[in-house]
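A single chain comes next, written as structure tokens; it is the form predicted alone.
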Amino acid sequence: MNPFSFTGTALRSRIDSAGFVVDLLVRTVTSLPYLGRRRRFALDMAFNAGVRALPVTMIVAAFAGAILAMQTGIELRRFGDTGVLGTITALSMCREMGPFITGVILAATVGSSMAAEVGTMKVSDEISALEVMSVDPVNYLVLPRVVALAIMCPTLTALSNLVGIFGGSIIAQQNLGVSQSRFWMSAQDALTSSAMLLPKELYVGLFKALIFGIAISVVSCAAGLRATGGALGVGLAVQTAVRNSVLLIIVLGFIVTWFFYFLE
């Protein structure tokens, strides 16, 4: 195949995959009236997703907050201004680090599991069996997973924010000489808002987490539904789901930040 044909084929494949994901998202949204029938499945999926990702998310968030406080505090100490360390740690965790960490971990754990489950059903013709029985695979398989991750990603993000700030406070006290009361007072002042119910940094981060959860679940289910070729196809579907989910987390995180902080 000459380079032009190869490039055209690859580009068409990427466009086709993106179109399938968008179509699946639209079909999932239109299937929301069926959520009442699938609520038990959605709750089970939410519980499994939360339990599966909670330990590693909390560990990574704690060390991320500690590293953030350590690296920032080293530079702030040179200027004698470590008092704002709590502010920087809290804002960074709530705006970016918390949603990003949670999204990546959910993509690697829950998203890969979703792709493997749906992909195995696809290559073993279970999806075809559902269609023969007039059961829509979207509202039966995809909808509960999307709703579950849309709920759990913001929930885990809120916990990640708190644990990350706590990890930063430990480093601030032990290594940088910033007391716990001063650190937490600085963080509280940074996240205090009288004009809105929630501070802007907090609701922007939770909105990012909501978008990430939807994107991870839809991309993972789409990869599973497009799996072909037996066990090898399922493995490739998992690889595709995790790769595309992480890329979307980075791109969507940038877009949301730009929308809320630069398009004002």
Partner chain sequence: MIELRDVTKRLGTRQILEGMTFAVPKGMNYVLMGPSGTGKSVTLRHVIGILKPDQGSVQVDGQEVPAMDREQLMALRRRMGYLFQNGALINWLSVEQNVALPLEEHSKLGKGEVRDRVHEVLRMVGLQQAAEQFPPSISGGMKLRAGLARALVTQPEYVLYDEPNAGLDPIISHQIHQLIAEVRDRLGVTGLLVTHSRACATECGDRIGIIEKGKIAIEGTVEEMIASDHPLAKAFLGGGSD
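All values reported here derive from a predicted model rather than from experimental measurement. Positions refer to the first chain, counted from 1.
Although it is not shown, the form predicted together with the partner chain is what the next lines describe.
| request: Spot the stretch among 224-232, 66-74, 38-46, 206-214 with residues whose non-hydrogen atoms come within 4.5 Å of the partner chain in the model of the complex. | output: Result for this chain: 38-46.
| task | Classify S134 as contacting or not contacting the partner chain in the model of the complex by the rule of any non-hydrogen atom within 4.5 angstroms, answering yes or no. | result | Judged by the heavy-atom cut-off of 4.5 Å, S134 is in contact with the partner chain in the model of the complex.
| task | Find out whether any non-hydrogen atom of L141 is located within 4.5 angstroms of the partner chain in the model of the complex, and reply yes or no. | result | L141: yes, in contact with the partner chain in the model of the complex.
| said: With the partner left out here, check for me: in the model of the complex, does some heavy atom of M185 sit within 4.5 Å of the partner chain? | reply: No, no contact at 4.5 Å.
| query | Would A108 sit within 4.5 Å of the partner chain in the model of the complex, counting heavy atoms only? | reply | The answer is no: A108 has no heavy atom within 4.5 Å of the partner chain.
| Here the chain is shown alone; which of L162, I151, M121, L191 has a heavy atom within 4.5 Å of the partner chain in the model of the complex? | Answer to the contact question: M121.
| said: Under a 4.5 angstroms heavy atom criterion, identify the one residue in L130, L91, A158, V84 near the partner chain in the model of the complex. | reply: By the 4.5 Å heavy-atom cutoff, the listed residue in contact is L130.
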